[in-house]
Each structure stands twice: as structure tokens, then as C-alpha cells.
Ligand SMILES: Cc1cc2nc3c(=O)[nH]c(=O)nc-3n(C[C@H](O)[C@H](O)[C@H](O)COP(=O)(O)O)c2cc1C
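Quick heads-up: it's one chain on its own, the form predicted alone, in C-alpha cells.
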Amino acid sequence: MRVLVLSSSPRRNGNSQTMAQAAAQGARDAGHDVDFAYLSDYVEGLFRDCRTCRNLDGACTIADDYERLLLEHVVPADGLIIATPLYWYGMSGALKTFYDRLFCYTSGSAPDGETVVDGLTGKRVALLIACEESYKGATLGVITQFQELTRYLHQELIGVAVGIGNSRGEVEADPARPLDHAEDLGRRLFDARVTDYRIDTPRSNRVWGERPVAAPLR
């Protein structure tokens, strides 16, 4: 499978990027084709008013490499691993801009909008968060937002890893071992079981399948 690891911090070799590299290694160990991208290499312009800044054919006119990132890296991927530092109890500004600007390529007036939508849906997603605070509520806003983003895009959020640290690379010292957790998420990106039931969802009364039959005693 093809995996895109998207690091959204402007700081190279920071804590969220360290977690992203661990997840990338886990995905490689599982035999997947891993593509690693820094959001700051592609996204510069903020989302604007599409009614005033589109070309006559409906194309976005913001002059950066967002479109190349979306069409050449994000859309072809089967799974996404997204890493962000915690900024003001939310995702990084660059990552928020990435999601804001999806509108430019998925609205009814966007060229090839249906193709982009088809390419965005159905992906498996893992979220990595680097945070200075150990307070559990600090990251809840980001996690909740990703739960809603992935549901809206018909994607599956398979897991979240949170690493505590501030100085560059300090997340390695977190006794909760977030780098191991990130690596495990990368390794199990396509194997992790995700359940999101509705009242009418058909389901077995066993979460993990049938109980193994014990071997007969001799």
C-alpha cells in the first residue's frame, strides 16, 4: 500500500517530525511504500474567497505548490499519517490551512472536483501530536476535530499517538514511549480494527472474531 507521512511543523527535526519518522519506519517495516512530505515545502498561501480568486475555469489561483501536494501525494495515497505540534490547543496553522484549502478542490465549481473527492475518501489515517503539556485535555480539541474531519471525508481514523516534549527531539525522553506508539501505528495502519457503530449497523457479538478452539487434551 502507498502511505503518505505529512509533517506539518515548520521546525525540522522537532518532536512531531521525530514521531512522524518513527511512524514512517513502522510503515516501511510492514512493507508499504512510504512517501514523506513536509507541509512547509508546499503550502504558503492562506485560504481566500473562492468567489473572487478562482480562474475563469474554476481553478485555484493561490501561487504555491498546494495543488502538487494534493494531486501527486495526498490523493494517490492509500493511507495518511499526519503529524502536528499542538498550537494554541489546536493543530498547526499550516495543517489547518491544508484542510481549509481542500474546499478549493472539492467544491462543485472546482475542475475535476469529483475525481479529487474520490481520491480523498476511503483512506486510513493515523494522527501524531507533539505537546508540551501532559494534561490529557490539552489535545482533546485536535483529536475531536480529526474524528470529525475523517468522518466527513469517509476516512477511518485508526489511532492517535501523543508525545510530550518541548525542546527539539525531547519527545524521545517521554516515558510513555510515544515513538514506539507512532511506529506501531505506522506498522498497523491497514491492519488496525476500526469500529464506528450506528444503531442499525450489522455486527457480531464478538469484537475480535470467533474464539479459537482449544486443542483436545491427550
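Predicted model, so just to flag it, every value in this text is computed and none were measured. Start at 1 and count along the sequence shown; that's the residue number.
There is also a form predicted in complex with the named molecule; it is not shown, and the following applies to it.
Only one of the listed residues (Ala94, Leu102, Leu86, Val74) places a non-hydrogen atom within 4.5 angstroms of the named molecule in the predicted bound form, and that residue is Leu86. In the predicted bound form, Cys131 approaches the named molecule with a heavy atom inside 4.5 Å. In the predicted bound form, the named molecule sits within 4.5 Å of a heavy atom of Asn166. Of the heavy atoms in Ser9, some are within 4.5 Å of the named molecule in the predicted bound form. Residues within 4.5 angstroms of the named molecule in the predicted bound form, judged by any non-hydrogen atom, belong to 158-166 and to none of the other stretches in 26-34, 172-180, 64-72, 158-166. Within 4.5 angstroms of the named molecule in the predicted bound form, the stretch 10-26 places a non-hydrogen atom from each of Arg11, Gly14, Asn15, Ser16, Gln17, taken in sequence order.
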